[in-house]
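Shown next as structure tokens: one chain only, the form predicted alone.
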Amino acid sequence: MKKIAMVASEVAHYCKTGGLADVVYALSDALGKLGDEVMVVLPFYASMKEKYIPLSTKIGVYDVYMSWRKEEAHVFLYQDKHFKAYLIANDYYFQRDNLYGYNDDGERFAFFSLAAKQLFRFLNYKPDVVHVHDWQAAMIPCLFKEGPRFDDFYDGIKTVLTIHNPAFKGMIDRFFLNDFYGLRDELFDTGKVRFEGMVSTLKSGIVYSDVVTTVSPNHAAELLTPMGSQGLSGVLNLRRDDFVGILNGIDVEEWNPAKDKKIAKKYSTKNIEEGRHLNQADLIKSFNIGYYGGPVFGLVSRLTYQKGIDIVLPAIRSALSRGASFVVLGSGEHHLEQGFENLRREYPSTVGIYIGYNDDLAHKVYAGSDFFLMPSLFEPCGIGQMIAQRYGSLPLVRYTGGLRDTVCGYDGHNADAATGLGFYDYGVDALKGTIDQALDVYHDQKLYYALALNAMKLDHSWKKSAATYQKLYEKILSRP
């Protein structure tokens, strides 16, 4: 049994803006099931307090020093199913409406990283491995190794950094290396934490972690190339012997059409046609649109350029003109939200839009859509396509990152193996061509359900991925 500490800025069921939260929760839960002793450290945001203050126990408070600042970290403990969650509260930094998006985010997560590091000493608990996620926690390995020289408490703790989204690098002015973290200017001058003339907490994590991972094998290969690395290929190639892609899984207990209480009709591979017809009728009703003989395309996503939303808007029109329907659940960039609102005004009877996130509605989209759109510009792993496959909704993807690892596209000859549809070249014409292919597949219902059954039979559970992480931990723990 190993002692594993996960440190992340969001964790599903507690707080969530994207796939990072799903991964941290599911991986922690899976490791706990496999017998490891797992603790999860996350901020105690305002949105969590109503639910978790009555359910958690306050275990203490300690001071966190950031140069001239002294802030208090109030720590609460909540016992989850297979791990302990330590919630770090500070009203100045976390009593806000949103998780991110503030001018002082660099300072907020510097406090969180320092507080998380200090938590281990406060608890007198020394993990075998501290596993940090993305830029918000990526400075912790550096803090272990470059912190006060007289403090040997952190010696021997191994660290892993997982990169979920390389587009966000935790950029702060070099002045804040000392002012926030109390670290020496020398680390900037030597280039260890320097990136494009500033300090990058993500680069720091890449340099100082014992092992760096990302969330799919194909994305790991992309990150080693100048074109696909978001500028990180140089430093990642220096760490390539300690850099690996491990495919994410999904929570197969939450996302299970045979047990899902949030959909109109539970179903499995044995009654897929009946189940999906009833769920599609419920989905159409939920979005207050009509059915005109064509497939229903679904989209559950952040509405950003990364997700390919700018090419969806022009490409989907030809399908709508041929009897297809389209439902959208998500929020993001204002001009893209407005683009969908304009599309709904243009096709009021076949386009349904929900700006925001609604978990119940998300389940309905997966269970009731025929095709699930994920034409991402880049996608480190992606979870939506795997959930869609589990529900028998065929993902329509661009072959990038984890989408390429998880979707076997139909090519006209591989009906026995295909689990979705896809294209390579990012652009409206390529997406439109694949949507046209989807219409052809839909109108051959025998073919459509053969592919849907292939998709439903895939194993996207976390058990395999968690076991791979266990082997990775064992490998680094065997090092001197």
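Predicted model only: the values in this text are computed from it and were never measured. Start at 1 with the first residue shown and count on from there.
Just so it is clear, the following notes concern the form predicted in complex with alpha-D-glucopyranose (GLC), a form of the same protein that is not shown.
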In the predicted bound form, the residue from Q118, Q230, T213, N165 that sits within 4.5 Å of alpha-D-glucopyranose (GLC) by heavy atoms: N165
The unique member of T406, N248, S325, N279 whose heavy atoms fall within 4.5 Å of alpha-D-glucopyranose (GLC) in the predicted bound form: N248
Three-residue site V23, Q306 and C381 fully in contact with alpha-D-glucopyranose (GLC) in the predicted bound form at 4.5 Å by heavy atom: yes
In the predicted bound form, segment of 330 to 338, 306 to 314, 91 to 99, 72 to 80 with a heavy atom within 4.5 Å of alpha-D-glucopyranose (GLC): 306 to 314
Contact test in the predicted bound form: K192 vs alpha-D-glucopyranose (GLC), heavy atoms, 4.5 Å: no
Contact of R302 with alpha-D-glucopyranose (GLC) in the predicted bound form (heavy atom, 4.5 Å): yes
